[in-house]
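Shown next as structure tokens: one chain only, the form predicted alone.
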């Protein structure tokens, strides 16, 4: 798997998305590779922290549309590689740091909600375009963004589904801080290495305590999100969105009724 590069050094595992020719769009194989890397990090004592990055130009543009369409009905398989990846991220007992430059679209934004520290470059562009694709939010975003940033901001980001800035991502509780683009990777790596040097047992216990009160609620919410996402994915609105993308035209949703 050359499109997911995993390196270990001095207690830090770095998972780098490396598909620049496709703006780091994610395929099933890439999700599986990242999930495997996280699960291995979780059970390897010498790995003390994890850094996820797409490099200095682009984090990820989200799901690879060609891969997504090629799956057909398998796109909503349970479990799915994307869902397994998010589970591995949520369950990782080690601190996870993300470094985000350029595009962070779809799951490229929602996965950040499950990282412990998120550093965004000034050139980062976030978007959760699910509604415009005939879908609903995933990754717990319809719960967590409202919790962290407030209901009105969540409405704006998830219902309007438009691109937003690092400053807005900071307001929404998606990122920890915004840094100059040229300093991004060094900043995120320095934080990850500080975490890797801390007492691992105390750090893992602290992370668990910080999350456990909301874990049952989040798990149930994500289960419902994925179920509704799958139903919508099989529906006519998503089919129109994919067809419009492939035909390079604006989608026409006017013939669909407002039902839920």
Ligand code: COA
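Residue numbers count along the first chain shown, from 1. Please read these numbers as outputs of a predicted model, since none were measured by experiment.
The next section is about a form of this same protein that is not shown, the form predicted in complex with coenzyme A.
- For the options 134, 173, 81, 129, the residue carrying a heavy atom within 4.5 angstroms of coenzyme A in the predicted complex is 129.
- Site annotation in the predicted complex: the residue of 220, 204, 65, 227 reaching within 4.5 Å of coenzyme A with a heavy atom is 65.
- Of the candidate stretches 180-188, 143-151, 98-106, 114-122, only 98-106 has residues with heavy atoms within 4.5 Å of coenzyme A in the predicted complex.
- Within this chain, residue 249 is remote from the site of coenzyme A in the predicted complex, having no heavy atom within 4.5 Å.
- Of the heavy atoms in residue 16, none are within 4.5 Å of coenzyme A in the predicted complex.
- When coenzyme A is considered in the predicted complex, residue 21 lines it closely, a heavy atom lying within 4.5 Å.
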